[in-house]
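To begin, one chain is listed below as structure tokens, in the form predicted alone.
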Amino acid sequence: MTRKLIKSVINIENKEHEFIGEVSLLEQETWGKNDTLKIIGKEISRIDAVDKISGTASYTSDINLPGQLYGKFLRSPYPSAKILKIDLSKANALKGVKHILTYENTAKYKWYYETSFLLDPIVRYEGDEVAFVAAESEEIAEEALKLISIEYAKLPFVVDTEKASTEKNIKVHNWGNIVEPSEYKRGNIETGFADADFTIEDEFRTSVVLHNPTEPHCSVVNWDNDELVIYDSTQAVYQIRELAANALGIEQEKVRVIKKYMGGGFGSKLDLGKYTIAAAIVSRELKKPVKVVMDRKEQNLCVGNRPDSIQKFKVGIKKEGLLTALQLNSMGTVGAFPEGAGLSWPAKTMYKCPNLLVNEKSILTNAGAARAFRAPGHVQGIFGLESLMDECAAKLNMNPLEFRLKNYTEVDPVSNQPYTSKKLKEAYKKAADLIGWEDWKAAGSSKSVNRIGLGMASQIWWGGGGPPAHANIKLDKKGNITIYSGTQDLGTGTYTFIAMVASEVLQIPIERFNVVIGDTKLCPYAPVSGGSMTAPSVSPAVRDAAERLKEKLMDTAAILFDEEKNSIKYSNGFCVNSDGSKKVSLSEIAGHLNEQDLLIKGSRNENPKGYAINTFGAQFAKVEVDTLTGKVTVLKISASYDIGRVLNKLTLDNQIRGGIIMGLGYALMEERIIDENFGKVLTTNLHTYKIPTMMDIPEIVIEIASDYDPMISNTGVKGVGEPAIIPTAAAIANAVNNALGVRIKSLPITPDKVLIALYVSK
């Protein structure tokens, strides 16, 4: 038996998911350090680079099917209202309009939140879906939207998180505005505070921020007889298949989801969109394909965001620097539909603290719903926690790095299990050396107009991946090799690392491999591309398949050479007999096989029991603050990570740089702003919603602290997508505090906040 079924619990985007699936039982020794390997760990250009830079890469929005219609939503202009009447007569009379959906003809479609319908007579935020028009062109569909007459009864609304948490009369849903509070505790919090020499209480806040991927959300939907084919810009082809089947009441096997290329998602494309289901309904009724592409305003209203946060801390410390107690009460808005705004995992796990009490609330408001966003909860949580850790160090007149090392833990404080690997101390040293941390105290002593500051922050995430994850390798009669896996490439290099892993095993150039991913019909199951899951889940499955293919080739060569298999050597794509007098290539072996195509299935192994799997890292920031204007300029970021093995140094560097740049935006400029009087979002485009440009990007230096994780899989890989963004904002905030001697306790750190803080501190 080479495989078995197991039950596996994996953390994806801050939520635990339980799976039952196959795992590989083939014992494969984890690769050693990268300097012993030929391909893995090197700087390898993307195998899809020519497609992308030449413009021939086909993204979802590039898909055009014969006879397709174009869909657009009419969206609510109000944050809360009841629809009294819809008049479609003028819109239906417009030439080229083929179908219009409203709540009246879609009442049977419950939305998977189970709190509303696909199109609901109650709208709960500006941008909520009211009607869906399908027309012969996008222009006709947009014109038809203007011709639909809606009579609304406006309802009271609430968009402020704190107000919504105590509001009794205005309810986003009839059951209230609070989504199941959660509590976590360990030890005895009262005893912990009693044992402390000092206590500190403080509050930190972060804003709602928006994903804004380059490629907007889009789907092209078509019914091929009784099979629904969905071309979707998604991070989760198999999850979209399941959710779409459930929403439409059909079998999953009747749904095919395809995604070849996409221009970013950051978590916002893990969920099923109403646009996909509306298009599917119309496509089934009219027997025509339907294409829907969101515009930038819709992106900023309707397809997710990172919740804001209000974090109230109390911490107890001994005079020698040990934490005795930590209490956290937090809340954040999740918008108009139930989601989670939890942010306490860093507080629970980052440091050794025996006594802990956490209470968290997710608050409903009349605004767009929250959705997973690159390291959900951790970016907010690390900002609050690491700001607090610097305050503790300052209270004791201690170097912030020294304080963190005093509270370092070698076991997971929640499960009390050891880590499969933890090299955070090494990461601290590398990143500190790269920034010149020895100047930390001197940096904060200047009284000039332009002041320099140094700051740091730590990071924890899951990122270990896990089963079920599969990959198939097909060898045809001509020696062509194709690898199939139901994973996704978000623009991060998945195509390339899959080819690299197979190339390392089979010792043939990566150009020989054709990689097919993102198709539920052609590819075996792989998990969502979120939670830094992709590489640690899929790379071991690819290696498993490649190793099995190599074994099959050697079996065949042994028969051809009439020798025992253990005498056959495999080298650079050839099987060689015992005395080296004969050798046979993959193509030659393929030609001798009876099978038209040789198909080998690979699966990821089971994660080790009794261990915690986490990534760790640290970032250090150097900033300059202009005390006359309040402007903060980030001069340099140093970053070091324990993320197991580096598969591709080039794409790893890209991932970390991208995360740092996104974290810089979170720290200094990004913020969704809503007019509280009218409930309207004021930041619905990239002119009003500021993100970093090339002019904002500092010097970034990166050094990896780990070689590989020896326990989690045959490739020893942990994920880096989320870890890249987690500590950035906290490191910048701590650097600003170091420069000014004044702490800015809310994000983003805008010039007005800096000037006010300086004025108040005088």
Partner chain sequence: MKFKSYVYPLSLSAASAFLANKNELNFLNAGGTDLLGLLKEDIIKADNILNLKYLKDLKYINQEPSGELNIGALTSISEIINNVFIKKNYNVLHQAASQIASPQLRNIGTVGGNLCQRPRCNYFRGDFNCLRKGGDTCFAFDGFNKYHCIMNGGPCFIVNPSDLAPALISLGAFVSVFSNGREKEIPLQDFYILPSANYLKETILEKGDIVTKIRIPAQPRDLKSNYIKIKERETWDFALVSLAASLVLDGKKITKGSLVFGGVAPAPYFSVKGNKDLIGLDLKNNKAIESFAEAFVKDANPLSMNGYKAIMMKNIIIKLFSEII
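Positions refer to the first chain, counted from 1. Everything numeric in this text was worked out from a predicted model, so none of it was measured.
Heads up, the form predicted in complex with the partner chain isn't pictured, but that's what we're talking about next.
Contact check for A280: no non-hydrogen atom falls within 4.5 Å of the partner chain in the model of the complex. Interface residue remark: D696 is counted as part of the site for the partner chain in the model of the complex, having a heavy atom within 4.5 Å. Under a 4.5 angstroms non-hydrogen atom cutoff, the partner chain in the model of the complex lacks I178 among its neighbouring residues. Shown alone here, M669 lies within 4.5 Å of the partner chain in the model of the complex, counting heavy atoms only. Shown alone, this chain has one stretch from 509-517, 603-611, 252-260, 687-695 that lies within 4.5 Å of the partner chain in the model of the complex by heavy atoms: 687-695.
For the candidate set S182, S567, T627, N105, a heavy atom within 4.5 Å of the partner chain in the model of the complex is found for exactly one residue, namely T627.
Scanning L682, A93, L84, A442 against the partner chain in the model of the complex with a 4.5 Å heavy atom cut-off leaves one residue, L682. Heavy atoms closer than or equal to 4.5 Å to the partner chain in the model of the complex belong, across 653-684, to the residues M669, I673, D675, N677, F678, K680, L682, ordered by sequence position.
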